[in-house]
Each structure stands twice: as C-alpha cells, then as structure tokens.
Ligand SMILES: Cc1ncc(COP(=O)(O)O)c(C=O)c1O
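First, one chain by itself in structure tokens, the form predicted on its own.
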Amino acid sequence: MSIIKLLSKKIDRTLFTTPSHSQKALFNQNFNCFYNHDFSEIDGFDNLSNPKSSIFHAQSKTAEILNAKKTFFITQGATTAILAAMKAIINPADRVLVARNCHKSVFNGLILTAAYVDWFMPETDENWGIYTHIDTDKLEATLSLNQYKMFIMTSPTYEGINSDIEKIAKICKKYDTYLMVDEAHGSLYNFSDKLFKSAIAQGADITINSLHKTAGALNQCALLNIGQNIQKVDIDIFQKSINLFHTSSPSYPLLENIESCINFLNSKEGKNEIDNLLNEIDKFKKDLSRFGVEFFESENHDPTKILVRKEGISGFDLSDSMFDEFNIEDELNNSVACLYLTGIGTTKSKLEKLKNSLKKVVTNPSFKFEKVDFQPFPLVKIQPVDTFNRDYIFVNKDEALLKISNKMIMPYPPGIGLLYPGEAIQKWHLDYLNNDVEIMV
C-alpha cells in the first residue's frame, strides 16, 4: 500500500499518542489539510528509520522510476541528504575533493566526517559572472596525483549549467573515487526528453534531489539516490547514516507530498506540464530578445533557470528596479545578471508579468554595468574538522590579511562559501567586506 492510500483511509481509533493535536488544527484552520494526515508511527503505519511497508514501497517505486539502486525519502531537505551520504562513505582523515561551488552543507559534512579537503575550482564565465562546468581534463589530472575517497560536485549549478557527468563518472571509477552529485536543482531531469539525463542515469554513485526547487513539492522534500553501479559499499549503511541526522518524528504530510510529487511528474499530465513550461519559456525569451535582453544559453544549460541581463544595466540595479516597481523578486543576482527560477507551478500569466515588467525596466539607460571578480583559489591552513569550537579573537579589517578565518563568508542564496573557517584571508576577501567589519580569526 502506498503512503497516499494509507493516509486516505479512515483511522477508526482513539489515539493517545504523539502528536497530541488529534489531527485537527486548533489555532489556524488553514493548516487542517496537513493536520488530518499528521500521524506518528502508530500501529499499521511504517517507520522512516526502518521502512518495511508503505514508505518502503513508495521509495522502491521511486527508485525504479529514477533508475536508482535505492532511493530514500528525506523530509529535512537536501542538506540532510548530503550530510548522510557523506557520513555513509567518508571516514576520518579520508581525503575528499570538492568543487568550490558546492553548497555550504558540504563544508558542514567535512566537519562531521573529519575529512581532509582539497578544493577544485569549476570553470567560470566572466561575461555572466557565474561558475559553469567541471573541466574533465583538469579533474583527471587532479585525481591522478592524489587518492581521493570522494569527489563532490554540483550539477546543474544554481544558474543551471550541467557538467558532463557521464565522462566524470568514468574518470572517478578509473581512480577508485566515489562520485556524489548535488543535483538539487535537477529534479525534473528524469521526466522530460527536452531536458538532460539525470546524474544517476549517467553513472554517478550518489545524487541528491531537492524536490521543492523546481519539481513542485513542499520545502524540505528531498531524495537521496544511490546509483546502480556503486561498488564496495553496503547499501544499508546509508539508512544507518540517515538515521543519525533525520528526526525520529518524520512528517507523514511531507512523505505523502514526496510520493505525490514523483507520481505527478511521472504521469502524462506531469510530463505535459514540463513540456508546456519549456514552450512558454522559449516564447518568453524570443519576445524579450527583440528588446536587447540577453539570456544565458548553451547546450548544457537548463532552460528553467532564466538568467537574464541587459547591456548597460547592472544585475543589482535590475533586481532593485524589478522589486521596487513591480514587486517581482529574483532568486539571486550579481553585478551582471539576474536569475529567475521557474519550475512546476510557474504559470503562463506569471511569465507574462515578468516579461512585461522586464520590457519596461530595460528601456531605462541610467544603470551601470560592473564586471564580476571571482574569488581566488582557497588557501586551506586548517582542515574543517579542526576549526570547530576553536578559540578566536576579533581583529580590524586592516589587520586581517593572511590571518586564518574562524567564520564563513557566504552570500545566501546561493549558499556557496567565499571563505570558510580554516582558510587564509586574502586581499580579495578584504575588498569584498565592508570597511567597518570586525573579523574573527
């Protein structure tokens, strides 16, 4: 029986169990649709820590759809999936190679696993001010010099650029290195021929999907997927690792939402929804291109991430104007461009409002374009695990050059660290910070 069917059945019993709300919203009636499906692991229900019935069947069906060896439902977001996957594979003092544009949760995972990190810099596009793909030749050269337990990377990037996972997976296998792909923004890839092959389908050992980003699920709904050809690891270790981080009181409404999301995406209706979205985005871009608006486009770019710029207009000013004049908020922006994230739920009328508003803003010639200056290669002086709970002092900015940072500097979104604890503070970091800041070293 599926989770959906289980929760649709009438529970004809009196529960003196957690949760104590008796499946009714006492203080906000708008929440009743969640409360009436909010149960603990009562008799006849499954247990997320050791699934054997409804959750087990829902996870198995999803794994089959995604062509994964095993899929785990995560109700605490992709962050928990990343931490659990790292803990399952990495032992203390294992050396790990990490792409620098990974989410901050990977750094937290380095602390929790006591791993030693080497950073790998992805390629950049200075015209758009973004990280792009992983250069496979550079990756192979790096893996050939050192023995790494795991390579952790992000694909697609926050802005939607995909790397050649199939080639990267072969390189990692050659050097006996596990490949973990944070595919949080690629949750639609299994469900449309107009998008890309998933990282699992391309040979990754571990992938993470964040279903709320583009796939229409609620916040915190995520998947941890294990590849078909993963070697030298007992799959049960992933469940044990998840149990270290996951709450012992999982949310049945969120579990139901995950299953419903996958079922919808895998249906004819869901696939049509994705195709219709992609068609509307294509029309949107063609219309705005006539006004001198530029869109980031390449053969490895996900079109659901609308990265837009206009010559002579900084991304910061474009973002401010769209918000102040039309109450439209972008996902993130830099000095060059703005990113508008779309997915299941992005309607034609919503795109129409964005298009009409952009038309009005980009005709204003009074803005200034600024070139993006990318962060330097990190100088790791202390490994992440050794920075936790370490003593520190505050110093003024003019005293901080080449001192070791005790704090991370991170714009959010996208949650990609510019400076992590244990790294030397370089001139670039000081130029990035405000003049009156005090720095923990």
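Residue indices: 1-based, along the sequence shown. Worth saying up front: this structure is predicted, and the values here are computed from it rather than measured.
Missing here is the form predicted together with this ligand; even so, the following discussion is about that form.
**Q** In the predicted complex, which of the stretches 302-310, 109-117, 232-240, 211-219 has residues with heavy atoms within 4.5 Å of this ligand?
**A** This holds for exactly one stretch, 211-219.
**Q** Would you classify Pro253 as touching this ligand in the predicted complex, given a 4.5 Å non-hydrogen atom cut-off?
**A** Outside the cut-off, so no.
**Q** Is Gly129 part of the interface with this ligand in the predicted complex - any heavy atom within 4.5 Å?
**A** Gly129: no, not in contact with this ligand in the predicted complex.
**Q** Since only the chain is shown here, I'm wondering whether Glu159 would be in contact with this ligand in the predicted complex (any heavy atom pair within 4.5 Å).
**A** No, Glu159 stays farther than 4.5 Å from this ligand in the predicted complex.
**Q** Give a yes or no for Pro378: in the predicted complex, does one of its heavy atoms lie within 4.5 Å of a heavy atom belonging to this ligand?
**A** Residue-level check for Pro378: no, no contact with this ligand.
**Q** Could you tell me which one of Thr79, Asn190, Thr346, Ser319 places a heavy atom within 4.5 Å of this ligand in the predicted complex?
**A** By the 4.5 Å criterion, the partner-contacting residue is Thr79.
**Q** Looking at this ligand in the predicted complex, do all three of His103, His185 and Tyr412 come within 4.5 Å of it through at least one heavy atom?
**A** All three within 4.5 Å in the predicted complex.
**Q** Relative to this ligand in the predicted complex, which residues of 259-278 have a heavy atom no more than 4.5 Å away?
**A** Going through 259-278 in order - heavy atoms within 4.5 Å of this ligand in the predicted complex - there are no hits.
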